[in-house]
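As a starting point, one isolated chain is supplied in structure tokens, in the form predicted alone.
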Amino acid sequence: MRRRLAMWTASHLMRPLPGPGEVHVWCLFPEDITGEDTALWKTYKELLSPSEKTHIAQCSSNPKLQTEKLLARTLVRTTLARYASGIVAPSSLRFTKNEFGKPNVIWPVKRLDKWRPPSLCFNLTHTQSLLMCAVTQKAEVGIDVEERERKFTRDLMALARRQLSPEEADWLSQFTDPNEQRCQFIQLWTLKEAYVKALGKGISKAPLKEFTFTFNASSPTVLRNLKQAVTIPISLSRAVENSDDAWQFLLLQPSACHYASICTQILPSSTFEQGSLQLEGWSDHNNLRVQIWRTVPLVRDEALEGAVALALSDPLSS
């Protein structure tokens, strides 16, 4: 444990805080962690609070779910701690939830003149094959990931009519190929989930049928470089207590097997123009910068290769 935590102060595991209009995304692929590395798995367990350990132990009948939950808590703790310049250990973090279940971090008290707890917002999403944690400074954020090959046991359009807005359901019904229709539904679902999670108020305050995402006919469906990413338009009804220009959305394919969406708040103090997304090093006229890493907590980080930006499709061109 001591050896692993000593690694925590290594400079390559630390990161500067996200800047204004910037989102950091950390991706953990369970396949990157070998089952034989028992020392690393033991360290991950030792990072958790007693209540987290109890919660995971209750899933003993489902080993895959246990692993997923362990890695989820490990990813959150190690991700947030990396922004504290090595001063705060991942195991020392505490968490609370608002009345709708959205978590917040409580930083430990450190009596140091030159260090103040960062004002971070974060959100976690996970499947058994990919876990993602999005982090911003002060701006609310939501993220959702789904398996690209996710199957549905019920009639997809019947589900769409119940869960989506009428405009979205009509758009989805125009896809004649069942597999394409299924993929478009999953992409749209990640967008809606990311928005609800960013709001942090539950579906009761943002009914899924009360906001609509639309495709941009002038935008390519697949953008091979994230630098070309475009935000996805959203329209809100009066039932949703937010303006539709207060948020931006990124739809992407982080791997060949997954779809994911990010929603982040546009703060009133932002000096960037609205419209598109950027990576570090881009010109300042873009207001949302995205950096994505592939991580093995406490071991290594690297830029995520192969991520593809997406846009909602025009059914007539499919």
Partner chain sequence: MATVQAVLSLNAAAVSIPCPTQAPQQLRVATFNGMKAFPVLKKRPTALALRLVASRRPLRISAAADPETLQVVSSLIAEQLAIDIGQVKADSKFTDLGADSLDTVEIMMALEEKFEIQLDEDNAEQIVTVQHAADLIQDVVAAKKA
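Residue numbers count along the first chain shown, from 1. Values in this document were obtained by computation on a predicted structure and should not be read as measured data.
The form predicted together with its partner chain is left out here; the points below concern that form.
- In the predicted bound form, no heavy atom of Phe213 sits within 4.5 Å of its partner chain.
- Contact check for Thr153: a heavy atom falls within 4.5 Å of its partner chain in the predicted bound form.
- The closest heavy atom approach of Leu65 to its partner chain in the predicted bound form falls within 4.5 Å.
- At the 4.5 Å threshold, heavy atoms of Phe100 reach its partner chain in the predicted bound form.
- Remark: none of the three candidate residues (Phe29, Ser173 and Thr176) comes within 4.5 Å of its partner chain in the predicted bound form, counting heavy atoms only.
- When you look in the predicted bound form, the only residue of Ile106, Ala246, Leu159, Ala89 with a non-hydrogen atom within 4.5 Å of its partner chain is Leu159.
- Across the options 115-123, 135-143, 78-86, 185-193, residues that bring heavy atoms within 4.5 Å of its partner chain in the predicted bound form belong to 185-193.
- Along 55-71, these residues reach a heavy atom to within 4.5 Å of its partner chain in the predicted bound form: His55, Gln58, Cys59, Ser61, Asn62, Leu65, Lys69.
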